[in-house]
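Here you get one chain, nothing else, as structure tokens; it is the form predicted alone.
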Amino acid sequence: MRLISLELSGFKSFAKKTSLEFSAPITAIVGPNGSGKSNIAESFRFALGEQSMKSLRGKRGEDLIYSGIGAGAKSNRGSVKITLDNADRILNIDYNEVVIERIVHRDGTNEYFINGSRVRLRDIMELVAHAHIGSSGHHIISQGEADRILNATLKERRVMIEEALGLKVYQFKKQESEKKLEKTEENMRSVESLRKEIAPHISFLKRQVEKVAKAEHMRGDLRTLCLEYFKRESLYIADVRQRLVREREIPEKKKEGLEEKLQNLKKELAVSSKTDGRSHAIVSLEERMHAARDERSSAERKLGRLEGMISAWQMHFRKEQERNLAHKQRSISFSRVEEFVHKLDVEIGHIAERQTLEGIQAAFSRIHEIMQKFLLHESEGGIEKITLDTKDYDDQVEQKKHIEEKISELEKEGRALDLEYRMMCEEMEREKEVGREAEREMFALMREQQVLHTELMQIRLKEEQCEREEKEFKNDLGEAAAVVGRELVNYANFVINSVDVLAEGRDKQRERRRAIERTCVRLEEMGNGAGGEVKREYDEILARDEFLARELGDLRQSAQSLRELITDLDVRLDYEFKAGVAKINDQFQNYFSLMFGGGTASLSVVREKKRRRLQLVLAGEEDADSISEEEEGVEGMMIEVSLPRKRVSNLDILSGGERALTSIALIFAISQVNPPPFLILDETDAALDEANSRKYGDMIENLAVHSQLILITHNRETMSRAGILYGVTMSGDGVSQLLSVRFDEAVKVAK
């Protein structure tokens, strides 16, 4: 990489656009004091991003802009543009020529450009770091700063050498990695905090989901139990109906035949016994017996209905008892507890607001009332306890009692009529002759008709019982479908052995019904309908927690990678630094011996000592003793020299010339180890005598093999080594002007 040109416009004393070409290995800039030569060296610092106004000999950005003298117009901005040849791609940018420009405005704002594109200051610093140059590096030695490296602190000296060795790139990477690590650790803390915040909610939702899963499991068991129960019940009811139809079929046919025979016999008896009063009495008694039987049958049917209603009421009462018992064992919801605590907090806050005894007592009364309501409400299951009106039940029981009494009376009356009927029949048998066979046949048919009537009545009672069971079956099916789901309507598809069903006793079916009722009550207490929402919320928050866990794992892995990278960079920096210091020491010794005709000089890595003052305070005394304690600080660079023929090893007691020679030897040694593209020296030879000036000239010619040199000097010996000579003068309006001479062209002209 080579320095092509420098362009200044409005920068300090260069009011007009001024360009300097650097086509020779050594370029010298000369001129009287105060003409603006040092402004050229400072322009390099400015363009490469120097932020210290003190290093640029100013207090604010406005001081870097040409301000004019008298009536002269002042510039609104100052700019410096450096053009570099990047054909060898030392700079990490895909251009053969790289133009770095910086502009400062009157308001102090700065703009930075690379090849005309606006960039950040950091972009410029990272770009030039690859070429071992910078705004405050060893390659720019401003006026009066020749021994700056000697006056610098241990830490500052180390920074200069690190920059000279090209370690800035690694330091930038390390700083960037440390910032990323800090941001990563901050993100880790943020993610961990988020996980801690949602952990209690996950635990709560997990318990709710487990409760919902348990309810779903119970619902599945209940579904199977209900399908089996209703399939069994439907088979039982259908079988009962078929049996009753078959049982009724034969008695009905017999009854029809008997009635037909009786009608015929009655007609015959009516014709043959019109004057027979006993026959009329028997017929009348028969009618009374029929009326009594009908009344008894009606009473028995009514009794059967009442017994069914009483049984249904007792079943409902038992179900409500089981439900109330389940309510008492229910858990209290978290929202109810939160509401209770909130009400207590409000009343406790009112106690603090009320200062009177009456107000405090009133608040405590309200707190007591809230606690009583909460405990009463939760002890009763959180709902209003169900109470049943027993008035109808008592009426039904009373009606049943009356009907049973009436049936008992009818039975007595029936037995009495039957006894009377048999007595009359026996008397007629005694009175009638064998010839009256028709009457005997009629009475036999009537007795058979009575038996059939009783049989049919029993069948009718069974049919009514079957109807009640079928109605109850439909009601149970509707209630179960509301809890389990509409799929219960497909109970007919449930596979079961019908033979086993019909062979099983009713007790097991009743036990299944009670199990269904208990499970329904428990499911009702556990809540229906909200399970899907809870599961969705749990899945969502669990997925978020898993995402955060993955993010945390990625962040931890990234943090570990960054730590490893920082460790590798530290190792690389330490190795490169120590190897570079060893090379600098070799060159430093050579240049130092050349400048002083012998002696020794070296750099060494030391750790700076800091003193810390401790105070010892005695108990009960106001005075305090203090002691000093040393502690180790940061690492730095120590310069050790030994002049020939002198017992001098401390830099502080070197003369001005000796300090200048030492600093020049160190600067040249650093430049030889890791040569920068260009080296700017502002009057570093001012303190040299003629003999040392020749040595200085020889050394800069050796340096020019590896780096371009821009020398600001008054020394004739130094001027003679330059290929291009720029002369700087200042006009009456305070504007620096430039004249240039190429020595090779001048020699041709002179010849």
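These figures come from a predicted structure and were not determined experimentally. Counting begins at 1, following the sequence as shown.
Below: the form predicted together with adenosine-5'-triphosphate (ATP), not depicted.
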Seminar exercise, completed: The one residue among Gln708, Asn39, Asn692, Asn715 placing a heavy atom within 4.5 Å of adenosine-5'-triphosphate (ATP) in the predicted complex is Asn39
For this session: Indicate whether adenosine-5'-triphosphate (ATP) has at least one heavy atom within 4.5 Å of a heavy atom of Glu683 in the predicted complex.
Result: yes
Exercise. Given that the partner is absent here, does Ser52 sit within 4.5 Å of adenosine-5'-triphosphate (ATP) in the predicted complex, heavy atoms only?
Worked result: no
Problem set entry | 4.5 angstroms heavy atom contact with adenosine-5'-triphosphate (ATP) in the predicted complex for Tyr66 | yes
Exercise. With the partner left out of view, is Ser13 within 4.5 angstroms of adenosine-5'-triphosphate (ATP) in the predicted complex by any non-hydrogen atom?
Worked result: yes
For this session: Choose one stretch from 25 to 33, 716 to 724, 695 to 703, 43 to 51: the one whose residues place a heavy atom within 4.5 angstroms of adenosine-5'-triphosphate (ATP) in the predicted complex.
Result: 25 to 33
Problem set entry | Non-hydrogen atom within 4.5 angstroms of adenosine-5'-triphosphate (ATP) in the predicted complex for each of Arg57, Met730 and Gly734 | yes
Problem set entry | Residues within 4.5 Å of adenosine-5'-triphosphate (ATP) in the predicted complex, restricted to 204 to 222 and counted by heavy atom | none
